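First, one chain by itself in structure tokens, the form predicted on its own.
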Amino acid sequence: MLLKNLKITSSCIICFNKVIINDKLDFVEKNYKSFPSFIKSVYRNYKIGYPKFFKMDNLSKLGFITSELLLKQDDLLSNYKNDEIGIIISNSGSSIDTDIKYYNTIKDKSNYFPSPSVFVYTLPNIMIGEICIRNKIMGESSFFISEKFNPDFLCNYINILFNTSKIKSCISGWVEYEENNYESFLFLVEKENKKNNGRNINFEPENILMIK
């Protein structure tokens, strides 16, 4: 059962060398060269200040930065207890980009050089872990793999979490990265817009697609 009072209160999109926050273009990398240089430019532009960022794989960097910019729009962390905030994210490729990088370090027995720092990111839920560690989020979290973005599934699953009192707020969306092809779309779900920042969109599949 979908809860009628759930609202999308903020959103952030990073794709095509742009950052879009609450439907407004907020940053553009005009001289785009590659994703690694672009995401570093975003990090510096918004003065994130989290050195561990530079150790992350590209998928985690993308999801982490998107979550940072999303949370800057809302008092989510001060309005809810740590275990009242959930994170539900999906993509179609899992951690394929890092998986390939790690495979390349072990495929040749004569040149075998497995890297623990690469291996640790061969699971997509590590990205969620990075977000949780940064913000001390301790609520329900899951990463799902689907062929394409599925707002119906996200709505149903998140509604179940709210209905069963597992969470009172949620970061959700889609984060995909493979060989410089990237797209990140995250949004906040709450029962009300506590900050009153102008966004109060009903949490329904068609509305998610409208702002994606």
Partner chain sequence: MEALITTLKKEIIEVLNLEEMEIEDIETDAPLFVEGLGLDSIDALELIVLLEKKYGLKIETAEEGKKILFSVRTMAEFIKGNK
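Bear in mind the structure is a predicted one, so any value in this text is a computation, not a measurement. Numbering follows the first chain given and starts at 1.
If you look for the form predicted in complex with the partner chain, you will not find it shown, but the lines that follow are about it.
Peer 1: Determine whether any heavy atom of F27 comes within 4.5 Å of a heavy atom of the partner chain in the predicted bound form, and answer yes or no.
Peer 2: Because no heavy atom of F27 falls inside 4.5 Å of the partner chain in the predicted bound form, the answer is no.
Peer 1: Looking in the predicted bound form, any heavy atom of K148 within 4.5 Å of the partner chain?
Peer 2: So K148 does not count as contacting the partner chain.
Peer 1: With a cut-off of 4.5 Å between heavy atoms, is K33 one of the residues that contacts the partner chain in the predicted bound form?
Peer 2: No, no contact at 4.5 Å.
Peer 1: Any of the heavy atoms of Y43 lying within 4.5 Å of the partner chain in the predicted bound form?
Peer 2: Residue-level check for Y43: yes, a contact with the partner chain.
Peer 1: Which one of these stretches, 134-142, 116-124, 68-76, 89-97, sits within 4.5 Å of the partner chain in the predicted bound form when only heavy atoms are counted?
Peer 2: The contacting stretch here is 116-124.
Peer 1: Even though the chain is shown alone, can you say which residues of 44-68 have a heavy atom within 4.5 Å of the partner chain in the predicted bound form?
Peer 2: The stretch touches the partner through R44, F54, K55.
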